[in-house]
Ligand SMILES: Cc1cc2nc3c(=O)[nH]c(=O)nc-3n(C[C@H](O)[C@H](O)[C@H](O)COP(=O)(O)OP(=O)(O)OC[C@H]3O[C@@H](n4cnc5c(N)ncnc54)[C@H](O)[C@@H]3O)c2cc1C
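Before any questions on how it binds or moves, here is one chain, the form predicted on its own, in structure tokens.
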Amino acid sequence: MSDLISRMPEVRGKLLPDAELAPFTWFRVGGAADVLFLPEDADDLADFLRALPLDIPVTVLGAASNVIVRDGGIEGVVVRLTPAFGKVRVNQSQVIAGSAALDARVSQTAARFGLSGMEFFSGVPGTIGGALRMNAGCYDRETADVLIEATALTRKGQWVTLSNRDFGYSYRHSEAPEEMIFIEAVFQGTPDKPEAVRERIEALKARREEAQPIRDKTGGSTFANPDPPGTPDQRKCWKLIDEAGMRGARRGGAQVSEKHCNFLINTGDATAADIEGLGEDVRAKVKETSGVDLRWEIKRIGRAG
């Protein structure tokens, strides 16, 4: 990668060639980034993007809780946002969160200041940047319900502000351009008693702990439910997978969780190909048994091994 690293602009942060990405991912799988960039702050990132040749691909990696990095690694530059992008503050009834802030931290901050509406973030693994990108949510609430606006950088390093409407949100999907790197978001809360908000957060955390394999090497929900929340007789992925006989199914070191079969698990020695291949096995079996074409909620990025 010496050739690519020589084309990198000067930065205040760190540029690391051939950087292994598996340690950053919840699945603990995947190859290396051609170059990993850890920006010092938002201005460092903006300057870098403005100077970076446009033929070099840029990929953003957050907490990687809902991502499979393929075994061949990622071409070009991978941007991993540092703690400077993870600050959270409150202004009256609004919570302003950096894109690297953990979703759970946003819900906890809102609770401390007596703001409700963001409790669901406590059950969403990952960071605010990922939540903005995929309209993350759980338990019948989602990012679109509380987002006011977000700031982002384009591939050319230009600052833009997107309103909630600009995202074109639908169930687990946004129309925001893939090239955009989110920097900060503003969420609207509703005044409430802090202890009441905390109680609801604790109840959601207990519910998640009981139902999901959060102690394993896993990601978030593998597939999006075929029907959005509120749909009468809503079809659930876990039930379709269970009825297809795929609970506990394996491929290499990957397994469909026995606890919640819309989760895939690295049992210890899985490759990214094992996990993605098992997901495709599940999709094929569900299609065969129920006619439903499951849509991946987990992103799969990078080159095949």
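In case it trips you up, residue 1 is the first one in the sequence shown, and so on. Source: prediction; values computed, not measured.
We do not show the form predicted together with the named molecule, though everything after this point is about it.
In the predicted complex, the named molecule sits within 4.5 Å of a heavy atom of residue 125. The closest non-hydrogen atom of residue 303 lies beyond 4.5 Å of the named molecule in the predicted complex. Taking the partner from elsewhere, residue 208 is found to have a heavy atom lying within 4.5 Å of the named molecule in the predicted complex. Under a 4.5 angstroms non-hydrogen atom cutoff, the named molecule in the predicted complex has residue 182 among its neighbouring residues.
61 is the sole member of 61, 36, 42, 273 with a non-hydrogen atom lying within 4.5 angstroms of the named molecule in the predicted complex. The listed set 117, 220, 226, 114 contains one residue whose heavy atoms approach the named molecule in the predicted complex to within 4.5 Å, identified as 220. Annotation: in the predicted complex, residues 67, 137 and 299 each come within 4.5 Å of the named molecule through at least one heavy atom. With the named molecule left out of view, the stretch that reaches within 4.5 Å of it through heavy atoms in the predicted complex is, among 173-181, 189-197, 229-237, 86-94, 173-181. Using a 4.5 Å cut-off on any heavy atom, none of the residues of 264-296 reaches the named molecule in the predicted complex.
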